[in-house]
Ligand SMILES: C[S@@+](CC[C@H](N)C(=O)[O-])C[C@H]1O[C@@H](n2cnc3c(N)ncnc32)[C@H](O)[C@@H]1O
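Before any questions on binding or motion, here is one chain by itself as structure tokens, the form predicted alone.
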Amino acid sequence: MEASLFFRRICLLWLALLAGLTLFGQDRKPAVYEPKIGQKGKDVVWVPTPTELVDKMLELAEVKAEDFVIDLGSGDGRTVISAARLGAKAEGVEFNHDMIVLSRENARREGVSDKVEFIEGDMFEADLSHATVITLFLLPGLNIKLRPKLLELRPGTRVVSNTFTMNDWVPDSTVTTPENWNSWNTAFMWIIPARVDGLWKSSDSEISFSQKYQIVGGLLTRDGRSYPVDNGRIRGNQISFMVDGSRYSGEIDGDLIKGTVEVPKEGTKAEFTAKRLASRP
């Protein structure tokens, strides 16, 4: 009888101990991941973009509700979440699993989980085709490595970088933030240009365009005479250039340009259409 009583007491003691451990576990909250500035990542160390510059980058890209923003190397999710607050759909691509978990929690806390997605993976392998805006904070060498992939995006897609440039690809716009003048305070934006390099035919001339990113040159040939293409520039699907005092402007739609030609000294303006005959190899 005494042995039976002893056994029952031991069982009760174990049950009490297990119950206590269960309650203790319920009272403890899981530790929140806290990233450290300068911590090593796959391609770069993590340094957060200041809030002021995040806002300025999105303002520079004119992010609206109809946009889809992709942040490459999204870290704690601050740029993605800020874009969602503007009404845009947004996606972060991040290699660090803990950062992904933290970003999702930050988005939940900010009430924008329905507008954002965080993808764990390599930014060089990410599908960017649905983006209208790309944001990044990478070193120059990584920007250059990404550049061919960015140039394949739809014309008009905006690419905004914190601090670092694209080497010889001159930005379309640059802004700084005086609020954090002693920190990361400069943003550069490029607008993916349509491609026009090659030979085009209009009703009265042929134009051989040469193109380096958004800058356009070349020759227009009419009635056996050739004239240089000056001040040529592409902004997304829009093109403008000067030839012999005439100002051409139009919209590029694949192998077709439709627009107008103005002759200021004569005060005339006429429709202009050109069709691509061949692309430059």
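What you see is a predicted model, and the numbers here were worked out from it, not measured in a lab. Residue positions are given as counts along the sequence shown, with the first one as 1.
Just so you know, the form predicted in complex with the ligand exists too; it's not on screen, but the next bit is about it.
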Item to check | Candidate from D122, E152, E206, E105 lying within 4.5 Å of the ligand in the predicted bound form - any heavy atom | outcome: D122
Next on the checklist: Counting any non-hydrogen atom inside 4.5 Å, which residue from P228, G245, G41, G254 sits next to the ligand in the predicted bound form?
Outcome noted: G41
Item to check | Proximity of V47 to the ligand in the predicted bound form, heavy atoms at 4.5 Å | outcome: yes
Checklist entry - Could you tell me if R78 has a non-hydrogen atom within 4.5 Å of the ligand in the predicted bound form? => result yes
Checklist entry - Can F118 be called a contact residue for the ligand in the predicted bound form at 4.5 Å between heavy atoms? => result no
Next on the checklist: Given that the ligand is not shown alongside this chain, does E94 nevertheless sit within 4.5 Å of it in the predicted bound form, heavy atom to heavy atom?
Outcome noted: yes
Item to check | in the predicted bound form, segment of 122-130, 81-89, 167-175, 190-198 with a heavy atom within 4.5 Å of the ligand | outcome: 122-130
